[in-house]
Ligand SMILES: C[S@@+](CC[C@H](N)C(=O)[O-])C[C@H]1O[C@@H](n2cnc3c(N)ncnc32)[C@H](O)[C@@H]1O
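One chain comes next, on its own, written out as structure tokens in the form predicted on its own.
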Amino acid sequence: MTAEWTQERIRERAQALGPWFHNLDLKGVRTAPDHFLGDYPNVKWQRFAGAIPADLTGKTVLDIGCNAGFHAMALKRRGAARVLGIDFDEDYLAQARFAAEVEGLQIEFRKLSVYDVGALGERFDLVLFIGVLYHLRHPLLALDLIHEHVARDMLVFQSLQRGSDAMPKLQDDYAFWETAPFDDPGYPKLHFIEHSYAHDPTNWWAPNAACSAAMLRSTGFEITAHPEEEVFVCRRAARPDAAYGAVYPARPR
């Protein structure tokens, strides 16, 4: 341990920057030792880490909604040439910068909303979109912007999910009077939270598993792996023609 970052100094600084949602282990100091989810996000990360290449040498990474930087640091340790973490919360960004400095990792962190990713003007080999979608007022727009502006190849997506985990095979179209499919618990559903959920007023949505998958496909991402119930690993593909439609469909010509 360096003289600069002793455990005592790390603990003091971590307490000053709290509260933390990422329970990081910074040279033996836990940033959120009483986290209600325990060793989070590492306990979740271990369930899908194997679906991401172990060697990211030469690759660029964008971590959208990076929070305190756990995932950004994990991928930098896999050799990524450049890692950029963005978040709209200055407190989380301060935590991330501190954690990366303690760990000796060169990672850039910037204040930016997912709705503004086009301002980056570049694409990344790997984009992380973890723990963000259900906090957004306009979730499908966010996925559209990621596809349009920053994803070059791989997307790792995770969202809080509630409801059925079934993935039923659906028809591409149904007659107007055929309503039964909507009553199937596995039909893609995006549950709207009007007030608050888990004491968090920024939780706006809770998709079921089929809805997460359908939203990804609709915005042009091909799902290549589903290693954990809330995690989808995707490749960027062409967007379906229907995704380019106007607010109201144009008249046939």
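From a predicted model like this one, the values you see are computed outputs, not experimental measurements. Numbers follow the displayed sequence, beginning with 1.
Another form exists, predicted together with the named molecule; not displayed. Remarks below refer to it.
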Residue (of L120, L145, L112, M167) lying close to the named molecule in the model of the complex, criterion heavy atoms within 4.5 Å: L112
query: Which listed residue (R97, H135, R162, R78) meets the criterion of a heavy atom within 4.5 Å of the named molecule in the model of the complex?
result: H135
- prompt: in the model of the complex, do F157, P188 and P207 all put a heavy atom within 4.5 Å of the named molecule?
  reply: no
query: Is the gap between F124 and the named molecule in the model of the complex 4.5 Å or less for some heavy atom pair?
result: no
task: Find out whether any non-hydrogen atom of F21 is located within 4.5 angstroms of the named molecule in the model of the complex, and reply yes or no.
output: yes
message: Against the named molecule in the model of the complex, would T31 count as a contact residue? Criterion: heavy atoms within 4.5 Å.
response: no
- prompt: Given that the partner is absent here, does N67 sit within 4.5 Å of the named molecule in the model of the complex, heavy atoms only?
  reply: yes
- prompt: in the model of the complex, which of the stretches 135 to 143, 179 to 187, 149 to 157, 101 to 109 has residues with heavy atoms within 4.5 Å of the named molecule?
  reply: 135 to 143
